[in-house]
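Taking the form predicted alone, here's one chain by itself in structure tokens.
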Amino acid sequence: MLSIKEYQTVATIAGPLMLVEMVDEAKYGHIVDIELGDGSIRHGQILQVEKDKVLLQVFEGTRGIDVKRSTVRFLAKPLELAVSPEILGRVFTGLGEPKDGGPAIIPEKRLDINSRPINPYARDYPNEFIQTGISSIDGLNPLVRGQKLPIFSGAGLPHDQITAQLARQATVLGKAEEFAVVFAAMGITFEAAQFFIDDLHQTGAIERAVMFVNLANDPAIERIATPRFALTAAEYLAFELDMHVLVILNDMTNYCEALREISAARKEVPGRRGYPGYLYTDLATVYERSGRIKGKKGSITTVPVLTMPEDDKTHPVPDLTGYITEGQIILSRPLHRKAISPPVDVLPSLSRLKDKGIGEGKTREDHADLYNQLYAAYARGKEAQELATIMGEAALSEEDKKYMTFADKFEAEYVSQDYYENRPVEATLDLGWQLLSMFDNVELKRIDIKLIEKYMPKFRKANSEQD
């Protein structure tokens, strides 16, 4: 076992990095305490070891450090999170220290935050539905336990409200199984952080939540550790306490900016747009810690949030995230301008595992056929709207006008809902049938006729009574 050692051999400082020489038995990932000349303590982590030279990242930044008067204490252990069931209901800093004024956690154990991704052989296939209460997700892009489903957003779009709604409303159906939310905020403003904390407290959702908050004015170095602290807490709740855990990572773009900053300070050869060449690998080490494990009751489902610079889906962060995750929920600026909330653009959005989490015994037997028909009708309506823009509405056929009307009603009634409206999945499915009732049976080509005969009559009857 390595012992604690002290050195006064700091050679140079560059940005958030510190080089210490003549060090023996240092290991990558271990943490250090740095005692300054005035007696104050800062903390750091080993980034690189080369013979007797060690490169450190200093969490609180290196400003004000006197190289000659500083002592570096190598603690011979990695960054760890103290865990126990009492972490539920608590708010922590990005480095796992209590931030809510509550007492320190008395740990059952301390876990290394650099856990490995789940072994593919040990993975169990995601196949159980998670109800979010948001129709554009539950009805069209269902979230499945163990899935990684990112939200692609942009500056000024309401991703904070959507993630807060997910944290409040997400639940598993059927069995009385415990559900928890782990929320990691990275590089967000104080106002945004306070919004999440206040919202969870006011709605009582904080009782089943754990929050890790790294603010925009906190050190960028801390941002790299924050999602790993969050996922370590999730692994403890899921695989040791048998809970189903939803992890929300907001905002992964800020995380990647911190990686780029450290990479530039280390003078590494940059990749696309200045991001390090190992960005894909680094993101995979975060995302692939989600899932289900054979023989374990719990699960980890992850919803990362990415703000795309200039709404560019080809930007390295959303582009690489799309390769690792199982789909994406895309927010639309045009829908936001039309006051559609949440402004989910359902046509390019996708949940690759949706077919595994729906159907009889999970949601309802008509779910798959219904979302296929809704997609088809909405796509036809959007095409008609584009034609009307080019040629004028007078040039459209009566059928095109009908689909255009459907598209408007679909956005206003199905996609749009209040951020505090929690729609059960049955209500979402019924709303889909109600919207499709404006079409004749022969036009509903993607739904089995037996399902039409079973579910449609009551909505047609309701329409006739209104008329």
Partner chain sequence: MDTTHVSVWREEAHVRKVLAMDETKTGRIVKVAGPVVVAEGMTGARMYDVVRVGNLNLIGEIVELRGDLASIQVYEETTGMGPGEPVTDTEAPLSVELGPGLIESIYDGIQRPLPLLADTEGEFMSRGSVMPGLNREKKWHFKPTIADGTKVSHGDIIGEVQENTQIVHKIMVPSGVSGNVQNIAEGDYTVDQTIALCAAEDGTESNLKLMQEWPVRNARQIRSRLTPNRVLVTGQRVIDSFFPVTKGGTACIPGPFGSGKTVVQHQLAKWVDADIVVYVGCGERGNEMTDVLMEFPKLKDPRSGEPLMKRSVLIANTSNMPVAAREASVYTGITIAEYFRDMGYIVALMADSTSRWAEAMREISTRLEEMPAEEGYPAYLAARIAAFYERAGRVQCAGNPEREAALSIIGAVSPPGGDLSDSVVQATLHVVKVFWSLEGTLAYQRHFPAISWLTSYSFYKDSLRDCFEDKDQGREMEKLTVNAMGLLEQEAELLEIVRLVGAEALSPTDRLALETARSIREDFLHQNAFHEVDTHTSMAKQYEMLKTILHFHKQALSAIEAGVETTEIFKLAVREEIARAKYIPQADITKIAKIRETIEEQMKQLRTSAVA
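Residue numbers count along the first chain shown, from 1. By rigid core we mean the largest C-alpha set that fits within 1.5 Å across both forms. From a predicted model like this one, the values you see are computed outputs, not experimental measurements.
The following text describes the form predicted in complex with its partner chain, which does not appear among the structures shown.
*Asks:* Can you check whether S3 is within 4.5 Å of its partner chain in the model of the complex, heavy atom basis?
*Replies:* Because a heavy atom of S3 falls inside 4.5 Å of its partner chain in the model of the complex, the answer is yes.
*Asks:* Give a yes or no for Q48: in the model of the complex, does one of its heavy atoms lie within 4.5 Å of a heavy atom belonging to its partner chain?
*Replies:* Q48: yes, in contact with its partner chain in the model of the complex.
*Asks:* Please check if F129 has a heavy atom lying within 4.5 Å of any heavy atom of its partner chain in the model of the complex.
*Replies:* Judged by the heavy-atom cut-off of 4.5 Å, F129 is well away from its partner chain in the model of the complex.
*Asks:* Flag F196 as yes or no: does it have a non-hydrogen atom within 4.5 angstroms of any non-hydrogen atom of its partner chain in the model of the complex?
*Replies:* Residue-level check for F196: no, no contact with its partner chain.
*Asks:* Which residue among G156, P120, G102, P334 has a heavy atom within 4.5 angstroms of its partner chain in the model of the complex?
*Replies:* The option sitting close enough to the partner is P120.
*Asks:* I need to confirm a contact call. Of K297, K313, R364, H201, which residue comes within 4.5 Å of its partner chain in the model of the complex, counting heavy atoms only?
*Replies:* Exactly one residue meets the criterion: K313.
*Asks:* Considering its partner chain in the model of the complex, find the one stretch among 315-323, 82-90, 254-262, 209-217 with heavy atoms no farther than 4.5 Å from it.
*Replies:* That would be 315-323.
*Asks:* Assess the spot marked by A14, T189 and N422: is its partner chain within 4.5 Å of a heavy atom from every one of these residues in the model of the complex?
*Replies:* No: no residue has a heavy atom within 4.5 Å of the partner.
*Asks:* If you look in the model of the complex, which residues in 251-285 sit within 4.5 Å of its partner chain (heavy atoms)?
*Replies:* The stretch 251-285, when checked against its partner chain in the model of the complex, contributes R266, E268, V269, R272, G277, Y278, Y280, T281, A284, T285 at the 4.5 Å heavy-atom cut-off.
*Asks:* Relative to the superposed rigid core, does Y378 relocate between the shown form and the other one - that is, does its Cα move 2 Å or more?
*Replies:* Yes: Y378 shifts by at least 2 Å between the shown form and the other one.
*Asks:* Superposing on the rigid core, is the CA of K402 displaced by 2 Å or more between the shown form and the other one?
*Replies:* Comparing forms between the shown form and the other one, the K402 CA shifts at least 2 Å.
*Asks:* Checking M391 here: with the core superposed, does its CA move 2 Å or more between the shown form and the other one?
*Replies:* It does shift by 2 Å or more.
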